[in-house]
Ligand code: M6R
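Single chain ahead, by itself, as structure tokens, in the form predicted on its own.
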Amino acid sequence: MCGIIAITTQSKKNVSKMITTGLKRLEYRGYDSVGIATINNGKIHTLKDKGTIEKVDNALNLEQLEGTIGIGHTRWATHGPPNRENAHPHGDCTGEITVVHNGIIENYLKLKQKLRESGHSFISETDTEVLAHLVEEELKHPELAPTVKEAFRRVISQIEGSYAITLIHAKEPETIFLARKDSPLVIGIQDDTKFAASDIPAFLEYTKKVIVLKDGEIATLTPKSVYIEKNGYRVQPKPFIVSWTAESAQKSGYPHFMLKEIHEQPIALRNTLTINSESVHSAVTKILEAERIIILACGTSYHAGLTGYHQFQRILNKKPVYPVIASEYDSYSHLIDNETAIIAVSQSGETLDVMKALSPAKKDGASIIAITNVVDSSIPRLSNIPLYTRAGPEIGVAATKTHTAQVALLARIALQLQHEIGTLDKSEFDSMLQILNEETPSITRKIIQQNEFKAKRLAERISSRKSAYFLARGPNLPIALEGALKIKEISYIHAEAFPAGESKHGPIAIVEPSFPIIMIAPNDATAKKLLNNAEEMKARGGYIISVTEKDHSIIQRSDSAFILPTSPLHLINPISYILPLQMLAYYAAVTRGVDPDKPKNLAKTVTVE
């Protein structure tokens, strides 16, 4: 969940400025401490401290470090509290080695004890520091590790857990050493400059030529070369060209990335829905061949998966479909065999809980369909069929455009399923597909434009409240769950979502005058019962905010309402109805003085268990 960047170059005189800029583009991955290290005149120089990049840079002037090679890190704490000692980079006893790391070294305590017995002293509480000392210890035995590269290789074989590691040594002042297992690490290639980072935006302004380092691979970078090996053998992956522009990873005049990404959803949806029909057909074939379907995801992606579950289970009739939170996969693992299809949903393609579930599932013979936003990331590589949303880079920690893109792609699969099993003939399918592809971006744009001011005004009203409820029924429940998640993770207002019929079984007890109740209320089969639930809440003084359509009777029972255009296709509703809730969460955060791009205790990609 931490952010890493490393650069080695011949053409730039001072990499510290580039590293600092890159870290700012990775700060969504972690921001409780920051540090950089460079090699200059045969020595390693390090600056680091607790705090945001801006705070630490203002205090220490990170760009003062000279050198043509360096590494940087922005931290999301796992081992040890945020402080200067625990901030990365971490060094060895000699001061010649420094390392940054994302992930968890599970056997670090055992390794640390062994190193202490050999005379090593430690400064931090982190698991990462053992890596630098392990390399130092290996180099004491030149008959076994005659080079830094061999020492690094031997260290990687000793550690257990997940890691993306970047290491430099003062005696090899042009070389960066990399290793990766279960945590993302990508390489950027320019003529006389090479980059390594946790995510592509860190170096996107310099190069679009990228290699994704794969699990178990070790790499060495110099300004002129990239050498990658696995199990002692060289591998030569073909670089791919990123389609994003550097500008797309910047705020473009918006005050926050989250607001920019909310407004980018019409484009993200249009791009996503241009997916190749053959890829969707292949996924649908796997689904129809399977005896059972597992939809596997975490967080916001799980809510997208829940929407897919409601759609698929109606279409597939008696074929069982299970929506599974990836961290709870063990409770469902007994269902997995070669007659199971798993749809794994992850915006980053690197979510560790999902990856940990997919590895044994693949061994058990399951077919895996991946839905992700990052080409060639770990989860699509584990899959039989990778499907990509085309939302572009998403920097805000709270997913917005990647969520609706996932929902759109699942809707596309649902339409194809109906066609393949014969519930839609060719003309009906073509008509609905055209509506999905053309109307979804159009409706999305209209909803954002027409409801932003109301979202801002209602956010001012609810921002002083400590709690809120989000109520829905049936297939609309995932929208309520996602709306509640957005409010709590961005504005820190405690929000709870549940089926509206459950309100009288406990939750209604805490409703009092002005308590915010957000009702997800399309004019569908759930409307009549939901109206009764609104009356119950209203009778206790609840402040009812409905998300609904023109002429729906719930408007008369509401204190305020987001009025959305009637969708020409029910599959569009889960996209339409979440948009006002995204904006409500954003403006509630801003009103409360919270940075929506950097919610406390959270990071964009969860790469630890």
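So that there is no doubt, residue numbering starts at 1 and follows the sequence shown. No experiment lies behind these values; they were computed from the predicted model shown.
What comes next is about the form predicted in complex with the named molecule, which does not appear here.
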4.5 angstroms heavy atom contact with the named molecule in the model of the complex for residue 378: no
4.5 angstroms heavy atom contact with the named molecule in the model of the complex for residue 299: yes
Is it the case that residue 351, even though its partner is missing from this view, gets within 4.5 Å of the named molecule in the model of the complex, heavy atoms only? yes
Evaluate residue 485 for contact with the named molecule in the model of the complex, applying a 4.5 angstroms cut-off between non-hydrogen atoms, and reply yes or no. yes
Counting any heavy atom within 4.5 Å as contact, can you tell me which stretch out of 276-284, 515-523, 343-351, 96-104 lines the named molecule in the model of the complex? 343-351
Quick one: from 264, 182, 489, 172, grab the residue that has a heavy atom within 4.5 Å of the named molecule in the model of the complex. 489
Answer key: of 398, 479, 413, 293, within 4.5 Å of the named molecule in the model of the complex (heavy atoms) is 398
